[in-house]
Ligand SMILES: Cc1cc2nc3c(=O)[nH]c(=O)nc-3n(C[C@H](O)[C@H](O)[C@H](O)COP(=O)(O)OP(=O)(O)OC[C@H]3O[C@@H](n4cnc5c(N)ncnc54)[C@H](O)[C@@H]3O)c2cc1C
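Before any questions on how it binds or moves, here is one chain, the form predicted on its own, in structure tokens.
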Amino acid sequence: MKIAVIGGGINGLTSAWQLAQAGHQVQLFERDELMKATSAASSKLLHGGLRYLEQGEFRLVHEALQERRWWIKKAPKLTRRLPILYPIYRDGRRPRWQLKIGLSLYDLLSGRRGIGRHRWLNAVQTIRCSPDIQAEGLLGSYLFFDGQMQDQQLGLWVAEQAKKLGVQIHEHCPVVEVDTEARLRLGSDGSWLHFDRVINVAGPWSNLLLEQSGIVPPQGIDLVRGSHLLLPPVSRYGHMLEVPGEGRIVFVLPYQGQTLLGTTEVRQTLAEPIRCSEKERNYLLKVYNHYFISQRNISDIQREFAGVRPLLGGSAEATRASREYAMNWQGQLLTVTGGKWTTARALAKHVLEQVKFSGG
């Protein structure tokens, strides 16, 4: 079948790759450059999503943990295993027993070929791993493992695999209109192209494309901005930290000789600039300074970046919005909504199944 994939982020690239592996003729259309938007503005983690267990998303966590292992195995030059500390303080929101249950389940869902089991470190051992961490009230920490990646480079690696299978990739080629008969119109010359199926994987812009085409989006999405700061190095261990007074989690991670601090979760519209706000900057620095002896301020920020995540709609709080994904057919047009970086390949396999069930 001749299939068009709209969107050059990680979900679009993996979908094109999987479809080409199954023998389909695939063309991918990206309005800008590959891996330049949301997919390159992640927290750089390949993870199951430990905190999603609190929301009961066991299927998603299990799938993500299996995919985490696959990415690390297949692209070792662009990924690595990362030790992460979850420190527990006397005034913490989550007690030790609760974290123990969650991490035990996390290990169980990882399977026998996981990348490392969790263990408890007392306060002395924790400070030995992270000498700059605040000692007052520290009971200890759980040490566990997740994966870390170079997200943009890893996505471009996927693009190369797709190209080897014959996928034609068109960058700087915006699609301005689609219809339910597997046709799309390009903004460059206004021409209509005909396919057997069109896969709309445009991420935050997927519903906007439908609306511009006069098609009612089948699935609502919440657009949530996540901002990150890059600071001077603090530890070779990652840190998963509770935001004081909130149920949210913030990561402090070693990344390419710096410290990656993030993320935020702020409602966003496509009409607004996608960048870190002053409020987010101060919010992240406040969390960091709560946990570390060496205080950081605006002048310590070496770089910052932000991206917009398209999450399944319906949640009153951005923090609790699901990282699951949904797929909806309208004629010969399939729109893919939601998802997370780690599960991109699994999402692509579902796209392939959808195409098969549609008669392909």
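Quick caveat, the model's predicted, so the values are computed rather than measured. Sequential numbering from 1, following the sequence displayed.
Missing here is the form predicted in complex with this ligand; even so, the following discussion is about that form.
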{"query": "Partner-proximal stretch of 325-333, 55-63, 295-303, 24-32 relative to this ligand in the model of the complex, 4.5 angstroms, heavy atom", "finding": "24-32"}
{"query": "Ile72, Leu231 and Leu284 each touching this ligand in the model of the complex (heavy atom, 4.5 Å)", "finding": "no"}
{"query": "This ligand contact at Ile10 in the model of the complex, heavy atom, 4.5 Å", "finding": "yes"}
{"query": "Residue contact check: Ala41 to this ligand in the model of the complex, 4.5 Å heavy atom", "finding": "yes"}
{"query": "Proximity of Ser141 to this ligand in the model of the complex, heavy atoms at 4.5 Å", "finding": "no"}
{"query": "Ile6 within 4.5 Å of this ligand in the model of the complex, heavy atoms", "finding": "yes"}
{"query": "One residue of Ala182, Val250, Val175, Leu103 in contact with this ligand, assessed in the model of the complex (non-hydrogen atom, 4.5 angstroms)", "finding": "Val175"}
{"query": "Answer option from Val167, Val158, Leu209, Leu82, heavy atom within 4.5 Å of this ligand in the model of the complex", "finding": "Leu209"}
{"query": "Residues in 196-220 with any heavy atom within 4.5 Å of this ligand in the model of the complex", "finding": "Val201, Ala202, Gly203, Pro204, Trp205, Leu209"}
